[in-house]
Ligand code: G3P
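One chain comes next, on its own, written out as structure tokens in the form predicted alone.
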Amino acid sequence: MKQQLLAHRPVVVAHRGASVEAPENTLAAFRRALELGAPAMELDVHRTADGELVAIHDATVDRTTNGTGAVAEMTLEALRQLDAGAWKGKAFAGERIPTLAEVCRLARGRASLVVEIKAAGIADQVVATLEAEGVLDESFVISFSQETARRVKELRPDTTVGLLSGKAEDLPLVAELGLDAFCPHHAAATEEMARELHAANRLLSVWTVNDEEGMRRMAALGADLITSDNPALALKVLRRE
């Protein structure tokens, strides 16, 4: 990620875009995050049956669209027929599942991307797409998969890569894998964890913090990035810190 971005810590990361206001992982949510001034936006990436990378959290389309089925078993054309916004409200009816490239083009020069690789075996293509779209240097790539995180770091050692985890006990894996950041659930984050990471010139990135008290607590203990569904609130609270 850009060093100038990290100079203004903690960095507010809009989780799946401004997902408290707009349907997650849609261009509407990312546009809203940009309107709010979020310096970074998180998205999730899966691959379609015809090899296209798309922004969607779940392995299936059931929860966030009017369709059913596995993303990996559907073509991009089939996914484009689905409504990914109506579930959030009539104002968002007709929103589509965007491609990774589309999100890159929207964010380029305006916000950094925190790219969560959800599916196995797509790390090479994700890195290639971020590079082709000119946003790799502005991106922070994360995954729950140790193998995926390791692969991204092997491909591009200069890219910021983090390991997602719900357990504090996984902290040593960051050093073992040669990664740049630990990304625990906020409930697992501690001041000691932040001190250990910072002493090794690594980052603490926490998720998903949606209340004022939690935001202030994460900032106080030393979190470098704070991911929230409600970036409007996070920006308001953390700009006062």
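What you see is a predicted model; the values in this text were computed from it and never measured. Numbers follow the displayed sequence, beginning with 1.
Keep in mind the form predicted in complex with ligand G3P is missing from the figure; the text below concerns it.
Contact with ligand G3P in the predicted bound form, judged as any non-hydrogen atom within 4.5 angstroms, is confined among 39-47, 65-73, 186-194, 173-181 to 39-47. Within this chain, residue 150 is remote from the site of ligand G3P in the predicted bound form, having no heavy atom within 4.5 Å. Though the partner is left out of this view, residue 144 does reach within 4.5 Å of ligand G3P in the predicted bound form, counting heavy atoms only. Using a 4.5 Å cutoff between non-hydrogen atoms, residue 57 counts as a contact of ligand G3P in the predicted bound form. When ligand G3P is considered in the predicted bound form, residue 19 lies well away from it, no heavy atom lying within 4.5 Å.
For the residues 164, 119, 107, 82, the 4.5 Å heavy atom test against ligand G3P in the predicted bound form is passed only by 164. Counting a residue when any of its non-hydrogen atoms is within 4.5 Å of ligand G3P in the predicted bound form, there are no hits in 91-106.
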